[in-house]
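Below sits a lone chain in structure tokens, taken as the form predicted on its own.
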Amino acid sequence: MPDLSPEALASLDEPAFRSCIREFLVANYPPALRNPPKRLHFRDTKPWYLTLSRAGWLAPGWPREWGGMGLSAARQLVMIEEFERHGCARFNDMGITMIGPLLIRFGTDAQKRFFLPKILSGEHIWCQGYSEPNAGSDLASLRTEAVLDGDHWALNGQKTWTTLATDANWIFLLVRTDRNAKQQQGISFLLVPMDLPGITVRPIINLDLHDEFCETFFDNVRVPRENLVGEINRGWSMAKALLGFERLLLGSPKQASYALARLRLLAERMGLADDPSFQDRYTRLRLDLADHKALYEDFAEQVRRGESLGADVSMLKVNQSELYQRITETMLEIAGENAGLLEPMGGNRELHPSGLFIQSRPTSIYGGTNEIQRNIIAKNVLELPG
């Protein structure tokens, strides 16, 4: 096995770098966790999390001084592509992809020294407190409030769709700290331990009887004053700084590619692979996927060149999610009585039409609904009136 330390990897050209990633995944990734049908809990992914941590691979985009790999955006993209190709499960990554980069950019030295090592060790597992019952894609209207009271913030309100909150021991929140300011200008960024008195987490059981999402309630929770990140009432600007690369990741063709391959297997199982009607629909979907891959590659190339992504990256998220949904809708249509099964057909994980269909439903909602993404494109790309 070659030297796979972050320092050694940085000296490799892209083909050699990609080859090393593949070797590492083959040697270390648990085969039983490839292409899981549901979002896994931390108890399932913890061994893989710690394997990446020990190798120094857990935080590709963090600077090396804070325990990261210090990779360029282009090399991070290569890692993402190879992890997706191998079918790696997404673990509890909010600490790595969201709060870690935010603290590195906006946090105090004390916050960095306290939080960053604990993210890398797996001691702190994070969840995100953005959405509320009446403030989802329109986060500027959020109402969860933090009022400064001496050395603490008095926190009251509710967050919803808190992904894997039952696994987390910390939550980062967007909270309102000034009722009288303009909506975006009265929001701050707060770090909250989940074991404080007054916090209640209730799992939300979804259509496939999974508890990936939760409601989180805050009843006069006392949060230390120093847990505010950045300047008071500037949390909105900090949160927006993280969105460009996230939208590239949400627009990855991984989900649609995986679903299309499963659609082909399902058609063969149902004896429809050579049916002219199915062939027509399958070919249309295959060409749509080819178009999307070309679009994704255009944006990925911008990242490789070190360019910032513009508002037009929202096209990726809209295109990918709706293509993924069209593919899984086709799966249900041809699955017959198997469309109602909550478990894979005959125990074959490759054939789970209802599971993929259910997974595809929220993709047009999370990360900013497709309606919001279209508004962003209309306003900032097409320059249409509001």
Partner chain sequence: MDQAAEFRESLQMVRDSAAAVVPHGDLRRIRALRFTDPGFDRATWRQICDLGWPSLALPESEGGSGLGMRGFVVLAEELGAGLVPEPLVPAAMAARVLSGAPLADLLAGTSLVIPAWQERPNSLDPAADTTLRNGRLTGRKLFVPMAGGADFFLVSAREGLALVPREAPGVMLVLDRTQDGGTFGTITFDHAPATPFPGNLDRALEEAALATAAYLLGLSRRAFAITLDYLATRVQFGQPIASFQALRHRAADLKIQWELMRASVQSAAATLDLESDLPVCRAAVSRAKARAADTSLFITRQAIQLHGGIGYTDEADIGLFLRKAMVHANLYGSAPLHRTRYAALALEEHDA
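Positions refer to the first chain, counted from 1. This structure is a prediction, so every number in the text was calculated from the model and none was measured.
One more form of this protein, predicted together with its partner chain, exists but is not displayed; see below.
- The contact residue chosen from S252, S257, T97, N227 relative to its partner chain in the model of the complex is S257, the criterion being a non-hydrogen atom within 4.5 angstroms.
- For its partner chain in the model of the complex, the listed stretch (51-59, 328-336, 25-33, 65-73) containing residues with heavy atoms inside 4.5 Å is 328-336.
- For the chain shown alone, G122 is not a contact residue for its partner chain in the model of the complex, no non-hydrogen atom being within 4.5 angstroms.
- Contact annotation for G198: none of its heavy atoms lies within 4.5 Å of its partner chain in the model of the complex.
- Its partner chain is not shown here, and in the model of the complex it never comes within 4.5 Å of any heavy atom of I21.
- Using a 4.5 angstroms threshold between heavy atoms, V318 counts as touching its partner chain in the model of the complex.
- Residues A290, D291, H292, K293, A294, L295, D298, R305, M315, V318, N319 are the members of 289-324 with a non-hydrogen atom no more than 4.5 angstroms from its partner chain in the model of the complex.
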